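One chain is shown next in structure tokens, namely the form predicted on its own.
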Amino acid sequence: MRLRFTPAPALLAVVAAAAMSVACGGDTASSGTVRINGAGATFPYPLYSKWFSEYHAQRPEILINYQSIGSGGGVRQLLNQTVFFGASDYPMTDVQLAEAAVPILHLPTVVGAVVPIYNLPGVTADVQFTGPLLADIYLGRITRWNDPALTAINPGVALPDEAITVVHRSDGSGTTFVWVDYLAKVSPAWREQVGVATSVNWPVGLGGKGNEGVAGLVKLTTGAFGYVEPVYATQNQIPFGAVQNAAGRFVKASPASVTAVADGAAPTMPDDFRVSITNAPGDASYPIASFTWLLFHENPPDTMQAAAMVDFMRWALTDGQAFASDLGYSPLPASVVDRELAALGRIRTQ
């Protein structure tokens, strides 16, 4: 059962302090509004924009501004303390955390997927892929759609004798990080030759900027193959395939199959929530999935803003999850939400 949101008592102090600041000519905001600035990942921006708007409608005294500048930019601005919170599609590294003036808390907000898309006119059945096969396509080892490795796992599908035009991101991105993190887990050759990063030296293929660039190239090129977040495949009416998971089942990305990934990973999730959930266990799990995180200082200098953001996070983790599926994301399972609600107590609010 999805938890329901109830306002935190600490929020009453925020409202009272904002009102007092205005009455005394303070700097909180001329309108009595607590203003909070954040920046970071582009992937969750549609959901975050919806969340901040909906929350502001319920709490007019709290206004959260978010700049969608990319995960790397969000991490840098948080480390420089030019924003109150950051957002990232991949966890900060130990080196980055060591640079922080105060401890940083990672809190997953929703689960996202990356899907293999293709342009094969006349092929109406879903094309299936294994992880090693995906890696071999991006390593340039499999170059045609009717390669025996592809036809063997797609019985009854008339794959054409067509060259595969590989498309990848030309810019650094969390989407790429999730994709190559998965490839590195299922392909020793990929791990050794290419590795894992937000931007890699691609062995083959054409580059497109952003998910929209990759989707555009695939849609315009017969035989093309690429990877995007599911909403870009849906919006552009591009088919995406099923991928064999760690249990050996071929699964397509859906809200249920992506949420199942997080649920399966919950028992072994570390206390700091910095975890890769690609190729996670579970019969129903889609294998190319990841959390996206909001990042907070555990001991922020402004406790008024901290109290407001803790209250927002309690709302986002409960009532706010209802907005995820309609916007192309998968809600967090209760097994993860329960742990995060407890972790919010690590943020100093007074």
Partner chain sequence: MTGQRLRASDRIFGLLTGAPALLLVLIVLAIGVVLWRESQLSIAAFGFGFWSSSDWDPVAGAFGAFPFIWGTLYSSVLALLIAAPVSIGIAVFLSDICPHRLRPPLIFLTELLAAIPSIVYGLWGIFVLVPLVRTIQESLPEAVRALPLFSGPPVGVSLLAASLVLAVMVIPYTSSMAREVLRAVPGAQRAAAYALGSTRWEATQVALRYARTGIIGAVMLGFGRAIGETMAVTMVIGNNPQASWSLFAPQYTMAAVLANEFKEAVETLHLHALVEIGLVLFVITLAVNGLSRLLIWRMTTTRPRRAPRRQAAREAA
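Keep in mind it's a predicted model, so treat the numbers as computed, not measured. Numbering follows the first chain given and starts at 1.
Note that the form predicted in complex with its partner chain isn't included here; everything after this is about it.
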Problem set entry | Exercise: residue 284 in contact with its partner chain in the model of the complex, heavy atom 4.5 Å | no
For this session: May I ask you to state whether residue 76 is within 4.5 Å of its partner chain in the model of the complex, using heavy atom distances?
Result: yes
Exercise. Does residue 142 make contact with its partner chain in the model of the complex, using a 4.5 Å heavy atom cut-off?
Worked result: no
Exercise. How about residue 264: is it within 4.5 Å of its partner chain in the model of the complex, going by heavy atoms?
Worked result: no
Exercise. Okay, which stretch from 131-139, 197-205, 153-161, 256-264 lines its partner chain in the model of the complex, with non-hydrogen atoms inside 4.5 Å?
Worked result: 197-205
Seminar exercise, completed: Students should find that, of 108, 230, 116, 72, the residue having a non-hydrogen atom no more than 4.5 angstroms from its partner chain in the model of the complex is 72
For this session: Would you mind checking 169-195 for residues with a heavy atom within 4.5 Å of its partner chain in the model of the complex?
Result: 170, 171, 172, 173, 194, 195
